[in-house]
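For reference, the chain that follows is the form predicted alone, supplied as structure tokens.
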């Protein structure tokens, strides 16, 4: 776990990126790139904090986007390669994307044929086709986060691939993982090699998407490296990875304060942080985030249900135990809060959005963005 030298007077709620932890994670990406020659992109759908881009830019090859706005962010703020994929594009979006991204991925052969005349007139833009590999190794959220779940809308299925205009396709793209360890990463690479070899030999690069949880302690990076090397040697193509959460796992926190205490059969603490507005994956997955110094209910002397201040009855973060009774004003530090947190938050009930802050390597604490009523009002038209 990264160091926790946070100021005692920190304003809450606040998402806090720990630069020291981020640099540690980037060393893993640098090793994979160095030993395999592959490209690694930041998936901004999981983490999009421009204040961190200068550190990430030194290691990563660029960004991958899920649409025009993320592509623009990568183009304007990251400044390296921009790749973009969406299951469908809005009217005029492809035309605008050709000025932002040099790698545009399509969801089907039909889409490529429909947009080829636009992309073909844009200098240097490469076309990718996303396939559905029929390989499920999403370790989080079940079918909610499984791109290869039955009737998935993501990627061309094997029976449609012969319809594709392979003479204009540069990149084969596949994404089938979510928080996968090395077994998932290696399994996907080997599965694609076995089942899609004729198509791999017709492209210049294969993009194995995201979901590679390369910075989890139980991820064997050496096995991923060996699989990439074997794949490249067999097919003579470039390899691309586009992790998001895997680059920022365990690199930051959501710091919250206790606002009030309540009792209804159990002790309840109401926080200025909310599951429904500030950490939606707690409800969507669902899962219970860890808190520094806390334990499972009943382990330590004082147990509380922690909930947010919204009107949603289910706005419950979880049940925890603490060494001492909680008091209004106490600060709680939720760990691993960089991935899919501030990129998904909302202002339901007018609950204020947390600050965005960075804990620098020199120990300084910099608030890079605060939000007030104006942000709530702006989003309402």
Ligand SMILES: Cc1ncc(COP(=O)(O)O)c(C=O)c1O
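Numbering follows the first chain given and starts at 1. In this text the structure is predicted, and so the values were computed from the model without any measurement.
What comes next is about the form predicted in complex with the ligand, which is not displayed.
In the model of the complex, at least one heavy atom of residue 245 sits within 4.5 Å of a heavy atom of the ligand.
The ligand is not drawn, but in the model of the complex it has no heavy atom within 4.5 Å of residue 74.
Under a 4.5 angstroms non-hydrogen atom cutoff, the ligand in the model of the complex has residue 85 among its neighbouring residues. Contact check for residue 338: every heavy atom lies farther than 4.5 Å from the ligand in the model of the complex.
Comment: 171-179 is the region of 230-238, 96-104, 171-179, 188-196 lying near the ligand in the model of the complex, near meaning a non-hydrogen atom within 4.5 Å. Residue 46 is the only one of 49, 56, 46, 353 with a heavy atom lying within 4.5 Å of the ligand in the model of the complex.
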